[in-house]
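Shown next as structure tokens: one chain only, the form predicted on its own.
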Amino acid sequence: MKALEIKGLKKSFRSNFLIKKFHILKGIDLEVEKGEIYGFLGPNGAGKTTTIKCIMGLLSPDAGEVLIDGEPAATVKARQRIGFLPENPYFYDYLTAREFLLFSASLFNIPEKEARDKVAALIHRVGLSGHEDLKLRKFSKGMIQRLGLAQALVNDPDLLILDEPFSGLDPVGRKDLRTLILSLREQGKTVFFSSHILQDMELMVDRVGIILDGAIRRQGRLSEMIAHSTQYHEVVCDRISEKALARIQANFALRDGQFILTLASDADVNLVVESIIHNSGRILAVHPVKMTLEDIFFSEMTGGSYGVPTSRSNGTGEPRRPATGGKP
């Protein structure tokens, strides 16, 4: 049974005068396994927050269904399993952090003594120790994010849904949040979060879904996406002249006395390596350069053209010629 399953989710909105209908979600299908961290990635306006609001019941979809542990997301049983942090949390300014979390615990009928112990532990866990009796109007945006995460954990949820959780956090806060989310996975929790900070997502997620223009463009295990996404190949060599390299293949750069050649395909690698050896050069390394999550994301956005090596300086300031791989 999946922790979260979305089938054929569609959502549209009408303009102010109810004339034109804007289709925001165009049939979203995705599955989140139990105990994994799922990264939901897309540009602004792609439909990430709308999808999350449909999961949480804040919006009613036009079509499709959302299941939490096999239960319809709208049921009380399913809601009790969820912790939620919205993109822009807003809490009552004149409550303290402790008062707010105790109030959140009361919504889940957590006994008072248990709630006080849990709130104290959560305040420490999200890095707000020493601020528990400070009124929220004096909190920074990053502190509000930390508090929002604490309230999302107050009911010890099986599934945590976070909408842009890194927003407003400084580098230390982002690292602390990454550590916390990874610890939740170790406890068997499931985390579904959206973000546009690709570096943080790449360090954490087990699987990723890329949404563009209201549709899932690509999803799967991040490790498999990267393993099967070679951006280009690099050949490192020395003991050969620039003139000889220019005749073999013009896509090269000189670094610390070594030549680094950039090649687009396996066939180019074989031919160029053979040509370098033929010219008495020495091969130091040959390795594929894998695409990062950022490369994969922009490749989807640009229709697959992102990350393909183009002309670089060959040391003369002139653009390089395409690789031919032929012997001189």
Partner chain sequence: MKPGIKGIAVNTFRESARNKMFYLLVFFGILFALSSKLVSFLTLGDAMKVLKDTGLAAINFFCVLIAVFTGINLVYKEIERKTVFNILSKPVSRDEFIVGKFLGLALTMLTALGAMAVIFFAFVALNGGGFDLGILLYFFMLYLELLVIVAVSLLFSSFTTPILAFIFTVSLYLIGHVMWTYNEFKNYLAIPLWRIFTQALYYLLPNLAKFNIKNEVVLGTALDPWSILFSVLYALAYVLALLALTVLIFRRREFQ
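Positions refer to the first chain, counted from 1. These figures come from a predicted structure and were not determined experimentally.
What comes next is about the form predicted together with its partner chain, which does not appear here.
S.K.: V76, Y92 and E99: each with a heavy atom within 4.5 Å of its partner chain in the model of the complex?
M.R.: Each of the three qualifies.
S.K.: Select from the listed residues V273, M291, L59, L67 the one whose heavy atoms reach within 4.5 Å of its partner chain in the model of the complex.
M.R.: Of the candidates V273, M291, L59, L67, L59 is the one lying within 4.5 Å of its partner chain in the model of the complex.
S.K.: By the heavy atom within 4.5 Å rule, which residue out of K135, K175, R221, R239 makes contact with its partner chain in the model of the complex?
M.R.: Exactly one listed residue reaches within 4.5 Å, namely K135.
S.K.: Based on heavy atom distances of 4.5 Å or less, which listed stretch (212-220, 254-262, 122-130, 100-108) is in contact with its partner chain in the model of the complex?
M.R.: Looking at the other structure, the answer is 100-108.
S.K.: Is Q80 close enough to its partner chain in the model of the complex to count, meaning some heavy atom within 4.5 Å?
M.R.: Looking in the model of the complex, residue contacts with its partner chain include Q80, since a heavy atom lies within 4.5 Å.
S.K.: Please tell me whether any heavy atom belonging to G142 falls inside 4.5 Å of a heavy atom of its partner chain, as the geometry stands in the model of the complex.
M.R.: The answer is no: G142 has no heavy atom within 4.5 Å of its partner chain.
S.K.: Examine F84 and determine whether its closest non-hydrogen atom to its partner chain in the model of the complex is within 4.5 angstroms.
M.R.: Within the cut-off, so yes.
S.K.: In the model of the complex, does T190 come within 4.5 Å of its partner chain, counting heavy atoms only?
M.R.: Contact with its partner chain, no.
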